[in-house]
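Each of the two blocks below gives one form of the same protein chain as structure tokens; they are labelled structure 1 and structure 2.
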Structure 1
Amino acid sequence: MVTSQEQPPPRRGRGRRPAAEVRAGVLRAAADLLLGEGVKAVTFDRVAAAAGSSKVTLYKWWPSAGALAAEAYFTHSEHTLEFPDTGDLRADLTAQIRAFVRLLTEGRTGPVIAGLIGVAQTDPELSAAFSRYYSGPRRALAMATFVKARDRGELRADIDLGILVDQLWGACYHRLLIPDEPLTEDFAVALVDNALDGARVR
């Protein structure tokens, strides 16, 4: 039997670093560049240099620098996907959309998310990563909440609940990406009321 004392000491050369460790280091370096300087700073050249990895490795693992940026961001940022569920849809939605507006307007998150969506328009791999890591799971969670509210009798049975996602979060993204009008918590509150109550006179 070979005891640990008989094993040679681990070699610390780069060639021996396990792939998972290299990958984690690359993602950390990419996240630092993204948060510090924005999405344009996340190039294979700069990430490889910052992580002490080879560019060849990065090309093997990520189809584009944008896809690397997206995975780095959603791996290294706290994005609680929890949705309050008190059984009162208006209150829960208002809390959720207000929190989303705060996320987009405080700190670095808004510009980073906007930058990722921006690059996604000409980088299909980043677009796919954004859907997989971020918008897809968030849409699924909102839908689950809407289905529960419909089953409780709060939402109409005859509407396409998916569209409600676009009316709420899409409206917030609209003000983030095309900033003709301000993105505020007052907007969030009024948006939820509009979507639930409708704009027409009865």
Structure 2
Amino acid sequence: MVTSQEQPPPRRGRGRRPAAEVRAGVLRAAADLLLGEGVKAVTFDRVAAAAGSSKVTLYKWWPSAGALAAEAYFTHSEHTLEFPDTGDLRADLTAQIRAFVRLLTEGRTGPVIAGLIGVAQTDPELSAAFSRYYSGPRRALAMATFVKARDRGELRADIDLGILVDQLWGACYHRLLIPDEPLTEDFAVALVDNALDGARVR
């Protein structure tokens, strides 16, 4: 006779996965498609199938597949583009811009970001998501770094910090999208030196 102590415990149902876990899985699946095949490969059908989720869930969280692709790209690149904060602006900028150049020139990331920028010109939802999840936060992080440097006396008090952001990262995007000149780490170092030292003879 089997006693109650010998009975196996009742099996628990699988239940629903936590929303954060589902969202992370969807973003991973979208990033894999994006980096493997480009922005046009990121469709709700394909992402839902790869993530083991439902299209209803995807539609609930993202207004379009383009918006999902933009957030997936940010999630993929966020760690790589962390901004160092050693208290030395030139060293921190050089490290960050070099990391950015490596991200754009190694593997599939450069063509992917170029594709996202291209599609964003005619897809307002992707454009808004790109700004919200990627370019906006990156710009805010750079601006915060420049404010600290200005407060430390490393930058002029009257400098336009927004233009400084455009000079540095905009130049990298320019060489990515219009490849008349190579996008290299040597270029990144020279870019920082030019921006911080200026072009005028002193």
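Computed from a predicted model, the values in this text were never measured in an experiment. By convention here, residues take numbers in order along the sequence of structure 1, the first being 1. Throughout, rigid core stands for the largest set of C-alpha atoms superposing within 1.5 Å between the two forms.
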item	value
Of structures 1 and 2, the one that is the form predicted alone	2
Rigid core fit then Ala50 CA moved by 2 Å or more between structure 1 and structure 2	yes
Core-aligned C-alpha movement of Ala24 between structure 1 and structure 2, 2 Å or more	yes
C-alpha of Gly162 moved at least 2 Å between structure 1 and structure 2 on rigid core	no
Cα displacement of Tyr59 between structure 1 and structure 2, core-superposed (Å)	6.1
Shift in Å of the C-alpha at Glu71 between structure 1 and structure 2 after core superposition	2.9
